[in-house]
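Taking the form predicted on its own, here's one chain by itself in structure tokens.
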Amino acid sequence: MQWTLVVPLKPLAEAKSRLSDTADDALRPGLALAFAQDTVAAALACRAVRDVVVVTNDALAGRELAALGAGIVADEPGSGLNAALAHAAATVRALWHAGPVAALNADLPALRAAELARVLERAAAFPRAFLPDAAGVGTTLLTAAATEELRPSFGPGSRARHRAWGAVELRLDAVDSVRQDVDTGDDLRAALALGVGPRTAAAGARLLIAEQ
């Protein structure tokens, strides 16, 4: 089974506001783009992934991620993350593939293709499934079989909501890179310890230089 991944990305100028304790306004857009680039590149390298579609209205991010091989869908209907994901999943199935779809966070800079493959292969056993984030309260991946609606409910406390709405919680060891999203400075340090992709590594180096 091969999946289409839907990856949501805010306008870069608005992204990663909770990193303000670690990166200033001038650096955060570049970090957000680097996170997304490394996430998309790793996802496209995954054997279980057919294609990656990024949901964004940011022109720069759209160009950069399309250059990596991602499809781009406009962030519609403009009423928040979950509405955008539901719209993108429906668009993918109508225009590209009527197969299984997964929503994946755009801020997984340490993502490993092999770990993502393990998660998706396990998710294929269920109509809907999700993977909790490293903090244990959110969600980094939500999957839906070809016959199922995605029904995303990302945001604070999404782990409990996805479970309550019938998605199976995936319990796998050694998939830390798929769980380590980055919202705060501590998250970024945890991702760096796992080993991030080249674009985040370069952006992190610029951050260290700016701090000196």
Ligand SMILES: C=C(OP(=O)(O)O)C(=O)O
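Quantities reported herein were computed from a predicted structural model and do not represent experimental measurements. Note that residue numbering begins at 1 and tracks the sequence as displayed.
Heads up, the form predicted in complex with this ligand isn't pictured, but that's what we're talking about next.
Of the candidates 177, 158, 143, 37, 158 is the one whose heavy atoms come within 4.5 Å of this ligand in the predicted bound form; the others do not. In the predicted bound form, this ligand sits within 4.5 Å of a heavy atom of residue 133. Within this chain, residue 72 is remote from the site of this ligand in the predicted bound form, having no heavy atom within 4.5 Å. A residue is said to contact a partner when one of its heavy atoms sits within 4.5 Å of a partner heavy atom; residue 18 meets this definition for this ligand in the predicted bound form.
This ligand is not drawn, but in the predicted bound form it has a heavy atom within 4.5 Å of residue 138. In short, of 63 to 71, 143 to 151, 180 to 188, 40 to 48 it is 180 to 188 that has heavy atoms within 4.5 Å of this ligand in the predicted bound form. Of the residues in 85 to 122, those that come within 4.5 Å of this ligand in the predicted bound form through at least one heavy atom are, in sequence order, 105, 107.
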